[in-house]
Ligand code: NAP
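For reference, the chain that follows is the form predicted alone, supplied as structure tokens.
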Amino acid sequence: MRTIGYAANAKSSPLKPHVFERREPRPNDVCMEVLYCGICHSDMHMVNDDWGMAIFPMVPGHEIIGRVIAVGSDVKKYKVGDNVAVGCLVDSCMVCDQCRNGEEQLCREWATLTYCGCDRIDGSITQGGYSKHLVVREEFTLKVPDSLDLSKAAPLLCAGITTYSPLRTWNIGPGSRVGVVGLGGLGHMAVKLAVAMGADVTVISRSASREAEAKRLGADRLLVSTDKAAMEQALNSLDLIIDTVPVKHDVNPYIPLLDIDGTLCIVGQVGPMPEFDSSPLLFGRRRIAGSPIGGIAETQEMLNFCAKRNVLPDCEMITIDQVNEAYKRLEKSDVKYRFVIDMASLKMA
């Protein structure tokens, strides 16, 4: 299938129009027209090859909302006209213990990424959602509930599931006490989801200037991490802290905020972190953990939950020709809180 997208042709290069061929649809494939695609901070990391995983030319994008335009002969769940979604994964081995448990993101043979991945059948390099069309196997295609606003739903496929998954893993619900470090694309979703689950939510920030914004998003309070007296008063007050900060940073101030058996879960930074003091872990039976995205079933559960509770990210809509400027603004955290590309702005040549 011939299509068009926006691609980076080399490390840190601007994205430009790129005509390319999608693989030929297979019997278990869903073909879609991409309607909206979110811009994730990891897209920028991949274009800059910060993690050493880049393959060029690269069409980024793994927060995808589309409409089905064709289905293979073996497809059972979807039909032409259905609104569907695709997240960070487009395939996995499907036979290992993790895949059988619905944890495809933890596939023992490594899941196939939506872009910069390698197709498990023909070896072609996967290309993402900054494009007009997408071809994905049925098992990795998600149904978009009718009540979700299509123009705002795209970031749920990464920012949403990345924060939903640890909330579910640690059984957050009414009576739970959740802290959120960082109030960006991930952080604002963590706040909204934890509030919707009935938790008492504390946003942890270095500045008191974020208090009004934290409360607008539904948080119960803001804790200023540079205020020693406030931090002392907050000792042992949280069951789970979701750390969404996307750069190397010190987690030592946050660990004593956890109650006994509490967990600090890192979902933002990918890579080295500074040393931490093990004393608060040992004497409070606390934990530091990490979490990627969720599996396909959990991602569908998240979409259904967001539809039922009307949980959506705060989005700024852009056209595809604004993507390079959006990257510059993202680098400066100049967005509240997620960019979404209206893919109707991308025209076939």
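We number the residues from 1 along the sequence you see. This one's a predicted model, so the numbers in the text were calculated from it and none came from an experiment.
As for the form predicted together with this ligand, it is not shown, yet the points below apply to it.
Undergrad: Quick check on F283: any heavy atom within 4.5 Å of this ligand in the predicted complex?
TA: Outside the cut-off, so no.
Undergrad: Hey, in the predicted complex, does S205 get a heavy atom within 4.5 angstroms of this ligand?
TA: Because a heavy atom of S205 falls inside 4.5 Å of this ligand in the predicted complex, the answer is yes.
Undergrad: So, in the predicted complex, is V245 in contact with this ligand at a 4.5 angstroms heavy atom limit?
TA: Looking in the predicted complex, residue contacts with this ligand include V245, since a heavy atom lies within 4.5 Å.
Undergrad: Does at least one non-hydrogen atom of P292 fall within 4.5 angstroms of this ligand in the predicted complex?
TA: The answer is yes: P292 has a heavy atom within 4.5 Å of this ligand.
Undergrad: Identify whether this ligand in the predicted complex is within 4.5 Å of every residue in the set G87, G128 and T141, based on non-hydrogen atoms.
TA: Per the other structure, none of G87, G128 and T141 touch this ligand.
Undergrad: Which residue, C158, L134, V201, I241, has a heavy atom that falls within 4.5 Å of this ligand in the predicted complex?
TA: Here the answer is residue option C158.
Undergrad: Sort through N324, Q300, S42, N28 and report the residue having a heavy atom within 4.5 Å of this ligand in the predicted complex.
TA: When this ligand is considered in the predicted complex, the option within 4.5 Å is S42.
Undergrad: Residues in which of 30-38, 43-51, 65-73, 300-308 have heavy atoms within 4.5 Å of this ligand in the predicted complex?
TA: It is 43-51 that comes within 4.5 Å of the partner.
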